[in-house]
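Heads up, the chain below is alone and in the form predicted on its own; it's given as structure tokens.
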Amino acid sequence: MAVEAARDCLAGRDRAAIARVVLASTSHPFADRQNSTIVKEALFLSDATAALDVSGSKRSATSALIDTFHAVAGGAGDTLCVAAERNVAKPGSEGEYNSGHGAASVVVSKGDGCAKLIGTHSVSIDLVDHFRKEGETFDYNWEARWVREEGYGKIVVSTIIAALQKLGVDARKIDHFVLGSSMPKISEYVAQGSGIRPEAVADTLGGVLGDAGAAQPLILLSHVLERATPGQLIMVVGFGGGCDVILLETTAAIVGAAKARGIGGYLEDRAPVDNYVKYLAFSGLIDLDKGMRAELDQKPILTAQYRERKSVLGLVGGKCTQTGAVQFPKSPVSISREARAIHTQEDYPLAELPAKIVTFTSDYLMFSPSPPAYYGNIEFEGGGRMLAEIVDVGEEGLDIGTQLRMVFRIKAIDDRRGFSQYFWKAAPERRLSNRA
């Protein structure tokens, strides 16, 4: 999700300008491996790019964004700030009805952008509304009424009022109020206590997305920016172990901003799952019998992954400088029939190129969380072929020539050692085409 959000955010941008990647989440896939570096590799950014993981609180995204503003002002360079959350709740719990998974990303730079920073204000207070012990899957939540009144009603409201006073802004001037929370109607409750107009409260997306935990403030901010107009004030609030308040003002540049897929586009393209057992299986909340064919030792070969990291994580192939032939993976020997050139290939990123199906098969025998498993030979626009797994097929099915886009997904999970391997898969492009 983090990679997909970052790709959408960087659409039309020069990736060479990104000097830093910050990734915020309380559900990083690795506890002791830098997750933001995986995102950096998948985006094929320069090895000179700095990377930072932020975690430990549901307000980690707003804290990461505030830190990013300070870092960029201090000369850190253009920074990609990403928030992603896999917000898993115990089956049957109240949280199961409210939780969601999601990601969002913004670029902060000194140049002109869609919005400029007016100011920030933060407090740190150890009010424990929920917690999760190291190694545990689910949060333990405290009584909602106390959290609502003591946490949101006092800490959040007082922080917002202090921020408005600090920045010299009238609460009634706020055009969009963004607060990430799983509690229904809590945004209206806090806005009323802070003097913010009820019509300024942003859609929490509770009915279509749910609460994506740490990522929720950036998701809602991105959703607001998709429809905001120049000169509007946007307040973003993050709560957890204290409170962050960020005040932004949209600029004239928001009118001509590049139209990427955005939060609205992804929600429009969603594929609802109305089978509860299937949902449990997709979420990893039930132990499935995957059959004998899935009994493989998925031990990662870390030395090979490091050696081929551009190919594996960045989907970088090779293009022969003599013949123009494109191939994946990159090799010392060109595949061109016209010239068996050696050591003539330069890096050729394939992840953002459109592709189409050349041949494919559907397999009901091998394990797939959403059978059948599709895989086949695909061809990239401009040349280059690879054997790829095809996902998100849906009821429309596949055909020879079906247009595809590449997506960064989990390729395999080594349950014995706790290692998730990532690679690129192909997905039909038809949904996005239908939107256009």
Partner chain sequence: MGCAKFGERWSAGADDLAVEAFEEALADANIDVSEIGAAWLGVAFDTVNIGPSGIPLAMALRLPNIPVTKVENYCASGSEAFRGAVYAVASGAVDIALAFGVEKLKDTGYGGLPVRTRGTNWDMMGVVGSAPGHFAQLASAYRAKYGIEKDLFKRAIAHVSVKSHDNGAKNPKAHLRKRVTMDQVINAPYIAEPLGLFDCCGVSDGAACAIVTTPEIARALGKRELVTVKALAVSTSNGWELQGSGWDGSYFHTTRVAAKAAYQEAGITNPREQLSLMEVHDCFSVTELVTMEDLGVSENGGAVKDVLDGIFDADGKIPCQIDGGLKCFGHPIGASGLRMIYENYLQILGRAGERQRPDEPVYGLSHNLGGMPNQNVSAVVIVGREGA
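All figures in this text were calculated on a predicted structure; none of them were measured in a lab. Positions refer to the first chain, counted from 1.
What comes next is about the form predicted together with the partner chain, which is not displayed.
Using a 4.5 Å cutoff between non-hydrogen atoms, Glu308 counts as a contact of the partner chain in the predicted complex. Contact annotation: His130 falls outside 4.5 Å of the partner chain in the predicted complex, judged by heavy atom distances. Within this chain, Ser370 is remote from the site of the partner chain in the predicted complex, having no heavy atom within 4.5 Å. Although the partner is absent here, Ile342 sits far enough away that none of its heavy atoms falls within 4.5 Å of the partner chain in the predicted complex. Scanning Met366, Val273, Val277, Ala73 against the partner chain in the predicted complex with a 4.5 Å heavy atom cut-off leaves one residue, Met366.
Think of it this way: in the predicted complex, the partner chain has a heavy atom of just one of Val312, Val169, Ile155, Ile254 within 4.5 Å, and the residue is Val312. The stretch in contact with the partner chain in the predicted complex, judged by heavy atoms within 4.5 Å, is 291 to 299, chosen from 291 to 299, 75 to 83, 173 to 181, 203 to 211. Scanning 348 to 376 for heavy atoms within 4.5 Å of the partner chain in the predicted complex gives Val358, Thr359, Phe360, Thr361, Ser362, Asp363, Tyr364, Leu365, Met366, Tyr375, Gly376 in sequence order.
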